[in-house]
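Only one chain is included here, represented as structure tokens and corresponding to the form predicted alone.
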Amino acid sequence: MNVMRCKKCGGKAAVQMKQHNLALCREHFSEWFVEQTERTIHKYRMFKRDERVLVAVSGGKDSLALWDVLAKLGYETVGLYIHLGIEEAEGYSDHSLALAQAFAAARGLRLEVTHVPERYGESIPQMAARTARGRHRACSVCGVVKRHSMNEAAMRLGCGVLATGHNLDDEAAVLFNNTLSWSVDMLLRQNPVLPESPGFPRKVKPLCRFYERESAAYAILNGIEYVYEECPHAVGSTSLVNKALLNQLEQQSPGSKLRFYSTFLKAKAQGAFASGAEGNAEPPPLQFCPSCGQPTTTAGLCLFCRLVDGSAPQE
């Protein structure tokens, strides 16, 4: 039986990456992962050494791997865990919080926690049951709450940059969905970096070029304990269906996801998505919510505040 050999040292390989025609041992894979993350940060000009970065952590492999790498690279970081009050699947939120806390404590890192049920009086499932309809109603409500909480924490903690652990599988699935419906506005916004604006931090995705299995390998090889389960409310969601379809394509043609995403970014950089009425339309002017003070494109209360006070229209 042929044994995979590390391309750098010739030792036994721990990870094989067909899309890169590369196999690496435990030590050299971890080095490669850290180096490639830093290359992505520099390539897309995500942030500089003197900027404080808020890292959104969920207790999952991607966000904890990202936080670990940024700490090793010497960036000033603060972690943020948003407790959503999801108690299905053996206390999903409590379990993932405990893992994030253990990770931070072991590395001497600062972790801030926003506890949604304690702060706003309802968990995400409760809020969704009251305000939304549909099978995946909790997912849409969750997105609004998390975006608000991350933005609030970044501004409060003096972090001009918000980093999330979105990987290549995540980005390719979103791109696939937006391409199927030719959602030009969404395609225009899909980028590894979203610039800061008044009231909003710069949003960056340093792991956007890593396959999900690569971030999982990094976490496992570096002893990072993470939550393995998907959020119970995400089961059967469109994003998971799209990921499964793209995985079939990747199996038949290794590197397909990376080519799909990279070619899109190259075409976008060359202005392929900047023409047409949608691309030239001016974004709606930002106002500030009279309740929470965050930017919003709607008159009066923002969508988050309307979710909390019950005035948001049912979906």
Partner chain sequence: MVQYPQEVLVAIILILRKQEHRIEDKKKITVAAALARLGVSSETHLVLRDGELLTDDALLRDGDTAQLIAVISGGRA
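Residue numbers count along the first chain shown, from 1. Since we're looking at a predicted model, the values are computed, not measured.
Below: the form predicted in complex with the partner chain, not depicted.
Which residue, Glu225, Glu122, Glu152, Glu212, is the contact with the partner chain in the predicted bound form, using a 4.5 Å heavy atom cutoff?
For this set of options, the contacting one is Glu212.
What is the one choice in Leu240, Ala129, Ala102, Val113 with a heavy atom within 4.5 Å of the partner chain in the predicted bound form?
Looking at Leu240, Ala129, Ala102, Val113 one by one, just Leu240 meets the 4.5 Å heavy-atom criterion.
Where does the partner chain sit in the predicted bound form: which of 187-195, 75-83, 241-249, 154-162, heavy atoms within 4.5 Å?
Result of the contact check: 241-249.
Run the contact test on Lys12, Asp170 and Ala217 with a 4.5 Å heavy atom cut-off to the partner chain in the predicted bound form and return yes or no.
Yes: Lys12, Asp170 and Ala217 each sit within 4.5 Å of the partner chain in the predicted bound form.
I'd like to check something about Thr297: if you look in the predicted bound form, is any of its heavy atoms closer than or equal to 4.5 Å to a heavy atom of the partner chain?
Answer no; every heavy atom of Thr297 is more than 4.5 Å from the partner chain in the predicted bound form.
Going by a heavy atom distance of 4.5 Å, is Asn177 a contact of the partner chain in the predicted bound form?
Looking in the predicted bound form, residue contacts with the partner chain do not include Asn177, since no heavy atom lies within 4.5 Å.
Does any part of Gly91 reach within 4.5 Å of the partner chain in the predicted bound form? Heavy atoms only, please.
Taking the distances in the predicted bound form, the answer for Gly91 is no, it never comes within 4.5 Å of the partner chain.
Would you please decide whether Asn21 lies within 4.5 angstroms of the partner chain in the predicted bound form, comparing each non-hydrogen atom pair?
Asn21: no, not in contact with the partner chain in the predicted bound form.
Relative to the partner chain in the predicted bound form, which residues of 140-172 have a heavy atom no more than 4.5 Å away?
Heavy-atom contacts within 4.5 Å come from Ser140, Gly143, Arg147, His166, Asp169, Asp170.
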